[in-house]
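In structure tokens, one chain follows: the form predicted on its own.
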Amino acid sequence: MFLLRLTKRLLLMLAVIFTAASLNFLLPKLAPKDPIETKLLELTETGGALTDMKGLVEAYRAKFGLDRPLAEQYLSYIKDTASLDLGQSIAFYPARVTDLVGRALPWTIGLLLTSTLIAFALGTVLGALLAWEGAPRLLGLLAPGVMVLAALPYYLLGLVLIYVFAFSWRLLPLGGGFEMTAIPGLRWDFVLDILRHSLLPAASIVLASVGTWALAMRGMMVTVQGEDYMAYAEANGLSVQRRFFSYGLRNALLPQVTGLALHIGYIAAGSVLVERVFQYPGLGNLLFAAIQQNDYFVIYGVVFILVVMIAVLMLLVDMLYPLLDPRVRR
């Protein structure tokens, strides 16, 4: 039964990735600008002298395969993507897309995974306490602030944090992944430098997400407290801590996990904007630069990696759900 379920989920994940990859190929083609002409015009503006512009454009279009029919380009794209051969970048030529994505991917994974788990854990516990009858009344004062944070987008909160902590108080850097003068390496000073630069982007994601999770958990906890098994646990004389964690929080957590799976795409999109605001060297910043210069191949590579990450995370959440709720197995 488990293998059959896993096979179905894997096939569904592959179908999602294939559909998203196909849309990823078609949507950039709708842009009115030609990436080759855009790059060559930039070269002329920076002092380069190009005599035969038209011939040069045609030569580069042939080099990148953009002169072929759309169907041939699509088949070649699917084949190359399946083998993780994402080609060369137009905007950052002759750099390969795989190398650009490989350098940016660890930054995004570290920022997104850590901040999402922290926001989910804090928001879930805080929302449960806000609805719990035995919780301190002081926590009720946090409800308005939680609602305000839930309404703020990541990038807007990021701009506020930059103004307060980086521009006004000068406690943290304005952006980037590390100091320009730093030499990368496995040293404590470099690790602390990375951590210092990641505090503001991570804080913007955590603060903007914790309110959403808290409000959702608060509503579920109110519903759970009216269930018969909660009254039965209280009648049996179970401690407040056990009733809260084993009966209340555990049962209210199930829809919260479902919400986490559904919001993974939104979280990834929000982190992309956060990376641009803070000039963080992740996939979001790379994608923004590629969109600005119509670099098809970098757009294909970054979006494909993001789609695969989201699909794998949703698969993991889907397979974890039966462990949290045994009723799903039946």
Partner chain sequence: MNRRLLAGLALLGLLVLLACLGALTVDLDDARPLSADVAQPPSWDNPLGTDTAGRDLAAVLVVGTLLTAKVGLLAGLIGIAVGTTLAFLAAYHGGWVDRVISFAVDVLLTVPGLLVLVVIASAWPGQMTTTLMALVIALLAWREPTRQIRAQVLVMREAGYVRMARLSGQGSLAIIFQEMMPNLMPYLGAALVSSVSAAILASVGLEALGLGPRDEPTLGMTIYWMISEGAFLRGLWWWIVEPVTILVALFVGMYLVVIGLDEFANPRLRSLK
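Numbering follows the first chain given and starts at 1. The model shown is predicted, which means the values in this text are computed figures rather than measured ones. For clarity, a rigid core is taken as the largest C-alpha set superposing within 1.5 Å between two forms.
Form predicted together with its partner chain: not shown, discussed below.
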Discussion item. Whether residue 313 contacts its partner chain in the predicted bound form should be assessed with a 4.5 Å heavy atom distance threshold; does it?
Written reply: no
Please determine whether residue 190 contacts its partner chain in the predicted bound form, using a 4.5 Å cut-off between heavy atoms.
no
Review point. Is there a heavy atom of residue 317 lying 4.5 Å or less from a heavy atom of its partner chain in the predicted bound form?
Key: no
Discussion item. Considering non-hydrogen atoms and a 4.5 Å limit, does its partner chain approach residue 60 in the predicted bound form?
Written reply: no
I have 74, 100 and 110 flagged as a candidate spot, so tell me whether each of them has a non-hydrogen atom within 4.5 Å of its partner chain in the predicted bound form.
no
Answer among 154-162, 193-201, 77-85, 115-123 for heavy atoms within 4.5 Å of its partner chain in the predicted bound form: the stretch 154-162
Of the residues spanning 281-311, the ones with some heavy atom within 4.5 Å of its partner chain in the predicted bound form are 287, 288, 291, 292, 294, 296, 299, 300, 303, 306, 307, 310
Core superposed first: is there a CA shift of 2 Å or greater at residue 26 between this form and the one not shown?
yes
